[in-house]
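Given as structure tokens, the chain that follows is alone and in the form predicted on its own.
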Amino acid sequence: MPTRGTRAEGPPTQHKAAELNMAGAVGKRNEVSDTVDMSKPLYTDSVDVPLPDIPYKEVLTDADKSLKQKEKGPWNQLSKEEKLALYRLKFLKTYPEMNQTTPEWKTVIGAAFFFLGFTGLIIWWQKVYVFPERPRTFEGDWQEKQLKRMLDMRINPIEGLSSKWDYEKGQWK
């Protein structure tokens, strides 16, 4: 029997387990993606910024360390492969590799054409099933009758339509 002012410890309930899990999650910040500390120097390959902040390879193997020791000597004793390996320690890509085009433009053009086609299908569907029939006032004979009526009524005779009609000859001036 617990005494007054103390709490009986029983088996953990679901609520207590949830509290414990939340306490652990707050400390660890279980995030979905990795975060990058932008206060530290980063490696980037860019034509605009030819010298990155840090070398491409930071952790060197034993072969890389021996190659770095050879680098301190005369460079005419290094082979072409060794010079290329030294370059790859500092940089990931050469300028021609950075300037090489990617096939990404094909995806962009394909997506644009897909959406244009889909939009065309939607417009066709609306024209067939949604929009009403074209009004009869758009037909040619209706517009001819309307023009004749406007001329007969002598609408806007000073500067408008009727001013350009010759009523005696029955034709446009």
Partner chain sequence: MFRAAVRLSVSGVRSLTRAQPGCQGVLATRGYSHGKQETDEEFDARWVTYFNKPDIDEWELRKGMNTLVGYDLVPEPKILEAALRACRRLNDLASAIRILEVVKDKAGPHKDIYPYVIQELKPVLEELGVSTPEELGIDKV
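Note that this is a predicted model, so its numbers are computed, not measured. Numbering follows the first chain given and starts at 1.
From this point on, the text means the form predicted in complex with its partner chain, which you will not see here.
This chain is displayed without its partner chain, yet in the model of the complex the stretch 65-73 from 126-134, 102-110, 65-73, 144-152 comes within 4.5 Å of it by heavy atoms. Interface residue among Met38, Val59, Leu51, Val32, judged by heavy atoms within 4.5 Å of its partner chain in the model of the complex: Leu51. The closest non-hydrogen atom of Val47 lies within 4.5 Å of its partner chain in the model of the complex. Contact annotation for 138-159: no residue has a non-hydrogen atom within 4.5 angstroms of its partner chain in the model of the complex.
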